[in-house]
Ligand SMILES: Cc1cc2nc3c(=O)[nH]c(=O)nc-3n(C[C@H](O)[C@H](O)[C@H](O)COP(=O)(O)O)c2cc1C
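For reference, the chain that follows is the form predicted alone, supplied as structure tokens.
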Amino acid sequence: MDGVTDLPYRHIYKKYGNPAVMYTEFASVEGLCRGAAQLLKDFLYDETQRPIVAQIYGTTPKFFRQMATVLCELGFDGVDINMGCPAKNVAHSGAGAALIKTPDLAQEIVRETKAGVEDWLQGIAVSDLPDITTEIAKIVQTRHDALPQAYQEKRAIPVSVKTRVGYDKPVISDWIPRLLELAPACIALHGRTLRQQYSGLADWERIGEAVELASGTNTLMLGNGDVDSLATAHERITTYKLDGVLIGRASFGNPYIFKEAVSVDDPSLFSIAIEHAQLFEDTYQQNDHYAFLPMRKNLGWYVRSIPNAKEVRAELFQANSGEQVRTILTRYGLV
């Protein structure tokens, strides 16, 4: 989730929730192939987070091909193409969920992304790519050299697609078969159209239709939308014969949503909030444009269920370090 699932978030959620797979935030292939090295921050991860899938978006097939090679060299376990984001700045450029309206382009993007993985297997390195700057190539090479040996080896990684049931109306019978023609490893389907954004209810019957269309193929089908608990996740999987579901917004401030049960030995959410804040600080504070601000929304989610949440949140939204977070939560008797 853009602006949420950065390295610290994923580390904490893997440690305390252990979801089966996680995606990075998405990054623009156009931005990276035009030299925006700062976008590589979205592809930071640590070994605890595997399997970890890198998520990209855009509209330029040749850039998807090159970025697939970059992501292979960075050691990711998969490449996910975002064809579901409803944000105006993404969709208005023709990317994200807007690709539902241009299925020929969407197919070409999947085709080229898979070709980029094949390029990596055939010996093409990031330094060989025409639109990748020397600066980015050096950063990628440095990260590659720091990987465990097993992840430095050439290996085929799967290409998946994350999308929605339609643009302004559901188009499952037209859209899903077009994706299946390219045999992606997985399709994760959100049960809302782009026009709905995140309003209304996810249409799981449409997701069920997509599962039927994929029956007999090798493409895994994941459902997404309004999954508010692990129990709901299991119910959706069983009812709609899915291979799994994604849990997104319901995880905010609650890594335990991925666990069957919370034990008495598990730390409180408030203790986790302090650890999360400190990890955020340790991860990014050496950056030239470091700010604690992006961490604050997470702090608000961690305390939202307490009676005086508004008061505590107001103070947390002024915090600028992990130590300040600890001080505030201690003063309120939460840790």
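Every value quoted in this text rests on a predicted model; they were computed, and no experiment measured them. Counting begins at 1, following the sequence as shown.
In what follows, reference is made to the form predicted together with the ligand, a form of this protein that is not presented.
The partner is absent here; in the predicted complex, the one residue of K169, R249, H234, K88 having a heavy atom within 4.5 Å of the ligand is R249. In the predicted complex, the ligand sits within 4.5 Å of a heavy atom of D226. Remark: F26 counts among the residues lining the ligand in the predicted complex, judged by a heavy atom distance of 4.5 Å or less. Within this chain, L334 is remote from the site of the ligand in the predicted complex, having no heavy atom within 4.5 Å. In the predicted complex, at least one heavy atom of M1 sits within 4.5 Å of the ligand. Contact with the ligand in the predicted complex holds for none of H11, Q49 and T283, as no heavy atom of theirs lies within 4.5 Å.
With the partner omitted here, the stretch from 207-215, 175-183, 118-126, 190-198 that lies within 4.5 Å of the ligand by heavy atoms in the predicted complex is 190-198. Contacts between stretch 145-179 and the ligand, counted in the predicted complex as any heavy atom lying within 4.5 Å, involve K162 alone.
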